[in-house]
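One chain follows as structure tokens, the form predicted alone.
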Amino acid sequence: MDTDTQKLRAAERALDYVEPGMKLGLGTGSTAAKFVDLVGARVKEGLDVLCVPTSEGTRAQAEGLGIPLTTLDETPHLDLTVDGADELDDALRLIKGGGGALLREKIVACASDRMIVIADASKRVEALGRFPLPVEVERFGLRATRALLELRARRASCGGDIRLRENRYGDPFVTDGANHIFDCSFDPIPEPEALADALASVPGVVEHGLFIDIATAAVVAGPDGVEILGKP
């Protein structure tokens, strides 16, 4: 079973937890996109759901599929968010933000009763940090923010290269919230909770890609089948 098929299997299994009348958060990324496709197909068959997308890309995909959409201003409480992850460990701690949507992803997930992560087996790790940690930052004062990021990360026993993310044209990447992203190579992250607290204390940081105590379950598909972590 190749990686793409694993992503589809995880998305299919997560669809089992969607019930009529639910208010859903729709994630961002290649695995989440498969789930959105499946929700769109069910909507065409008559499934009644109301959804909040976590990015403009997901919004466009959902609109094209005819999925009913709302906003957190109109619907501030959701039943379930289904989203992917760049990494997850056995404690359901995540690194997210590879697609640049970590701020909205975290807002939507925290507005939900439950968050189910869908992933292929390659995303499961013993220790977070192999995937560079995205940190969304205010565009003002980037050099000062980067210097303070390095200092606070070292205090949390994390060191490594911190790079400003660029788009395909070589310009700084701009998020849906008009911010920039630093990708931090902190492999490994010995204490994710300590690093999360350290990053949150940097004034220029808008949000970081460590999702801790947010996911309630994970659906992980591998060559040998689908495994459920946590309580979906």
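We number the residues from 1 along the sequence you see. This structure is a prediction, so every number in the text was calculated from the model and none was measured.
Below: the form predicted together with a small molecule, not depicted.
Choose from 147 to 155, 73 to 81, 106 to 114, 90 to 98 the stretch whose residues reach within 4.5 Å of the small molecule in the predicted bound form, heavy atoms counted.
Going through the listed ranges, the match is 90 to 98.
Is it the case that Ser201, even though its partner is missing from this view, gets within 4.5 Å of the small molecule in the predicted bound form, heavy atoms only?
Residue-level check for Ser201: no, no contact with the small molecule.
Any of the heavy atoms of Thr175 lying within 4.5 Å of the small molecule in the predicted bound form?
Answer no; every heavy atom of Thr175 is more than 4.5 Å from the small molecule in the predicted bound form.
Quick check on Leu133: any heavy atom within 4.5 Å of the small molecule in the predicted bound form?
Leu133 lies outside the contact set for the small molecule.
I'd like to check something about Gly29: if you look in the predicted bound form, is any of its heavy atoms closer than or equal to 4.5 Å to a heavy atom of the small molecule?
Gly29 belongs to the contact set for the small molecule.
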